[in-house]
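Heads up, the chain below is alone and in the form predicted alone; it's given as structure tokens.
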Amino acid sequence: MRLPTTLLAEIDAGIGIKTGVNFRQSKSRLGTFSAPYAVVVDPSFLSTLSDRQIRNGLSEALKIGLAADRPLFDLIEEHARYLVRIKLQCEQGTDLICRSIRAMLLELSPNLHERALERPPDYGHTFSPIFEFELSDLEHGEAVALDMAISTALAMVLGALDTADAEQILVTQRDLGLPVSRPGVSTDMLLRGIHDAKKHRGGRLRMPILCEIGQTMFIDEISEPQMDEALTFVSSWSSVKPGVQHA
């Protein structure tokens, strides 16, 4: 039986069936598939967390909302700052936890042992393992947020996602207090992320990107100029204050 006590664990790590450890500079490279008998989720534990740890978990809620549940994204967008301030100790917080768990289980249940390698919950997890190792001050959710921002920009560059949707996503990330860019992220780092991702996705990239908020598609190729353009776009947000629409 699992009793997760962080937001990230309550809506993501604690409800999946994978356990893993890092090995030779690769994240979660050794592990098992082990389903718990039950998972007990008690939101009152979250009242003891720091704001940073609340944001860390909200990043994973944002991930599954963007990838698979538009109403969840809308809930986060509407209440972003309030959810952080009150540490989800409210009706909207409980709704967010329930919706996040439901969306994750709907995606995971048909593919528990990952025999299908095109997985919407992998959204935000192509570059983030590299970020966690090479930008070691980042929490997991912060690395995922950087990945999501770049993935959002890439979807826009590739013509899959409207610019208005891309900006709406980045505004929401900023309102949550999550990073959208930072010094040190480079095209070379993204290329290393792609190389590593292909190793555990059957030799293909199979990267989920958004075709609209709440729906993903998968791509196998990204050019360096496209990555450069995406990084330039997210870097332009570094001077935008949270809650301010990008010009």
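Quick note: we count residues from 1 along the sequence shown, nothing fancier. Everything numeric in this text was worked out from a predicted model, so none of it was measured.
The same protein also exists as the form predicted together with a small molecule; that form is not shown, yet it is the one meant from here on.
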query	finding
Region of this chain that lies against the small molecule in the predicted bound form, out of 33-41, 184-192, 215-223, 50-58 [heavy atom, 4.5 Å]	50-58
Contact at Arg81, Val84 and Leu178 by the small molecule in the predicted bound form, all three, heavy atom at most 4.5 Å	no
Contact test in the predicted bound form: Asp122 vs the small molecule, heavy atoms, 4.5 Å	no
Contact of Glu132 with the small molecule in the predicted bound form (heavy atom, 4.5 Å)	yes
Interface membership of Leu231, the small molecule in the predicted bound form, 4.5 Å heavy atom rule	no
Non-hydrogen atom contact His140 with the small molecule in the predicted bound form at 4.5 angstroms	yes
